[in-house]
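The chain below stands alone, shown as structure tokens; this is the form predicted alone.
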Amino acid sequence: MFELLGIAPQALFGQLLLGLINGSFYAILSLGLAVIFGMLNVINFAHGALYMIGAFVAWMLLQYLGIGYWASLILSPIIVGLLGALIERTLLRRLYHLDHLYGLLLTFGLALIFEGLFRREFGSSGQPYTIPDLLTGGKNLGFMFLPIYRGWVIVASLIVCLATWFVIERTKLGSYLRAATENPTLVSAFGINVPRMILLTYAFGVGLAAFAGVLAAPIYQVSPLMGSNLIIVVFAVVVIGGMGSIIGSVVTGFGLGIIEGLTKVFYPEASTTVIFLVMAIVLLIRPAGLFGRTR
């Protein structure tokens, strides 16, 4: 069948794999954005910069302290999460009673500052990050060659996304978080520290971005521009899935990655715009997004 279409099966499955890898990053990053918007009503435009910082933290841990990939998967999200907690405590907390636009402008300004600082220090060219020995090489599946590290990225992102969804939607902690954003006064009356929960939510959301940055470091060059190149697409994913929808971010992230990969096979010229075309169509039919709730 593929031969009738003039497409080699290896090329098709190769692009599907690439689409799944891109979809993995779309899903984790849009999940972090959805958590922050759904719980805090903040449009976090600094998300791409924090993803970039997560990759750079992993690179610096390896370069300067000899701390490898596996430890960085834990340490980098914690370090970036602490940075996020500082941002929430000192800056974002002052804007919760204002229009969403103020939060967007603040986080956009922070993104420019972070990107400028890293460009000044490291330049625009990327820094290489080695794949850990355990994940080097690949496996011949017959119809395609699967690099082990890329398979790991897909599996790790699925585990993290589903675990996050489970915690927020199916546990007592998640119900506290949702209640704290919908009716903070009532939740405070039950003795729950709402400001602390909001602080931890923002730290967790940006920690997800840092985790994605560590996953991306061995695949892409660790560069100050890596976040700005991705954040617009990720915002499109969030809008298509539904602002604040956890499951919408996961399903839409992976789905759009596959659509993007297939477009590169059948109509390469549209591969850079297909996600935005899908966004336009979805918003025309369902303005709240595929999984969003109309208010």
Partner chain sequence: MMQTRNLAILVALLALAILAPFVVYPVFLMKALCFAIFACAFNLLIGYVGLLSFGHAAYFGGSAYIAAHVAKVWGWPIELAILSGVAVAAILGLMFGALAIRRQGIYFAMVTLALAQMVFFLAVQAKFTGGEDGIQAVPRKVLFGFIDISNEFTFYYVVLVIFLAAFALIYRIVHSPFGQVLKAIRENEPRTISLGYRVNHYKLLAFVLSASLAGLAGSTKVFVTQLASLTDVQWQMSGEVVLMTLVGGLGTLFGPVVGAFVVITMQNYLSGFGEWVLVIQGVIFVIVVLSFRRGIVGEIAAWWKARRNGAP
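Positions refer to the first chain, counted from 1. Predicted, not measured: the structure shown is a model, and the values here were computed from it.
If you look for the form predicted together with its partner chain, you will not find it shown, but the lines that follow are about it.
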item: Per-stretch contact check against its partner chain in the predicted complex, the hit in 150-158, 75-83, 165-173, 119-127 (non-hydrogen atom, 4.5 angstroms); value: 119-127
item: Candidate spot I28, A46 and S223, all three touching its partner chain in the predicted complex (heavy atom, 4.5 Å); value: no
item: In the predicted complex, V238 touching its partner chain (heavy atom, 4.5 Å); value: yes
item: Its partner chain contact at M279 in the predicted complex, heavy atom, 4.5 Å; value: yes
item: Non-hydrogen atom contact L283 with its partner chain in the predicted complex at 4.5 angstroms; value: yes
item: Partner proximity in the predicted complex: M243 to its partner chain, non-hydrogen atom cutoff 4.5 Å; value: yes
item: Listed residue (I192, L146, A71, L104) with a non-hydrogen atom within 4.5 angstroms of its partner chain in the predicted complex; value: L104
